[in-house]
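Just the one chain here, the form predicted alone, laid out as structure tokens.
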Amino acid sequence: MKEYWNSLASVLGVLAFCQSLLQLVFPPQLRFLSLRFLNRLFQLFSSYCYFDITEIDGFNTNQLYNAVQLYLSSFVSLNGTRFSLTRPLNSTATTFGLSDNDCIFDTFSGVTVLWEHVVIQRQSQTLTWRPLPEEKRGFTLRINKKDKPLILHSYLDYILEKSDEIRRKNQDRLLYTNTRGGSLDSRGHPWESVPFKHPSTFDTLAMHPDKKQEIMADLRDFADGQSFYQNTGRAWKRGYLLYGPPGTGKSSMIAAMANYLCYDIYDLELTEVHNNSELRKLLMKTSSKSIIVIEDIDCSVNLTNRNNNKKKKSNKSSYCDPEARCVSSGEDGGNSITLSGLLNFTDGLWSCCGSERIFVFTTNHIEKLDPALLRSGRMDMHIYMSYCSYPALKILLKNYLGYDETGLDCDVLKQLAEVVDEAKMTPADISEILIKNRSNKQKAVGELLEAMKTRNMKCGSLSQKNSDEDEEQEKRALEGSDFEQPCKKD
């Protein structure tokens, strides 16, 4: 045993001597260059290349790291076996994340790549003005060298677009309103926001299914039309006009549009805006992927039809642009928004300062609007919110009472179908009757049928002369446009 230990000590001594000799012959600089050369040689013969995406870029957060993390969360729960769970601020969904030092494969355009989430303990830090996290985090992307052009030009752009879509879908939507008098908040923004929790969707909206499908298809074409708008040289925006009697669901339509596209809503109150310059500043502070709403535009400020106004202009003023007239919202003249300023807000140079934005105007009396506001490019799609029809009535019965076509008696459905069009009841009127009697479904349907019959008897005794005159006046106000006219009640 003693001889064994002596021989082992001799071997260790020889190794130590060789190591000392190598350190003398090969200094640290030479050894570093040798390792670097071997690494380059390995990379030269390797068919893979690697890209590191760190969490911290200097002292700033790397946005690409957050995008990759959010993108991988969309399918890591299906393919991974070990993952982390997080719930970001203002988010409505739980996010699945890749665990530390774990890997996952992804496929893009037939190319397979490998993602690895690398987490390394950071060394002790010296005193700095901004301490870094204790762990150094990042993603390593391994791809084939031949696939480098595809990955760098298309795959990373796809990740950024997909992560933005996931973030918008999971994040709470916000409802903004402009502050009184254009004052700024603590962050220097003229908008105040609250979480938007309106539950209205196109499934629950009381409207004819064919009309809803048409609107949804138009919204989807707009949201997916970035390349189209760029190729045609048009600003990526679209305008909608919702008009019809009160209570027909114009506000619910706006909420359904926001929930369908996952957009924020900016509710613009024109009476709080003093001049055109302030209006442009509000537009500049709106974000992309948003809906800018001006409700009851015929009531907020005096934007009536120029043809209905009395002509009290001098010869000098007749040379001015008729669209540039001043709009006053009070006797004190505190609001000096012009029609020209509002038109530039929706269809001028300042309307192009953002992208992917929708302008929505609502009114109860379309004949009172100036024809300049109704032109394409400002209000591209005119949507008439009509009285409740039979297809819309079936949606309301399903929403409030849980009835479908097989839940009610055929005779009751037939009677409802016969009287609903002539009753001219709004979805709000019908909803009130159903909500009041929701605990007794049979009573709710019976009272609704009786209310419709009573409304028909009243409508049948009224004269139609004034209604015809109002319809002709609306046709003249729309300057020959072919969109559907609202039925007016005496």
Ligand SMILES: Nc1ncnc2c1ncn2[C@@H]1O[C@H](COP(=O)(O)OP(=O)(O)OP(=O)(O)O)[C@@H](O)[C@H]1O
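Source: prediction; values computed, not measured. Residue numbers run from 1 along the displayed sequence.
Keep in mind that the form predicted together with the named molecule is not shown, yet the notes after this line are about it.
Comment: the named molecule is not present in this chain, but in the predicted bound form one of 428, 56, 451, 49 has a heavy atom within 4.5 Å of it, namely 428. Though the named molecule is absent from this view, in the predicted bound form it lies within 4.5 Å of a heavy atom of just one residue from 249, 190, 239, 341, which is 249. Contact annotation: residue 381 falls outside 4.5 Å of the named molecule in the predicted bound form, judged by heavy atom distances. With a 4.5 Å cutoff on heavy atoms, residue 400 counts as touching the named molecule in the predicted bound form. Contact annotation for residue 206: at least one heavy atom lies within 4.5 Å of the named molecule in the predicted bound form. Taking the partner from the other structure, the named molecule in the predicted bound form has a heavy atom within 4.5 Å of a heavy atom of residue 364. Looking at 99-107, 220-228, 410-418, 197-205, the stretch with residues near the named molecule in the predicted bound form, meaning non-hydrogen atoms within 4.5 angstroms, turns out to be 197-205.
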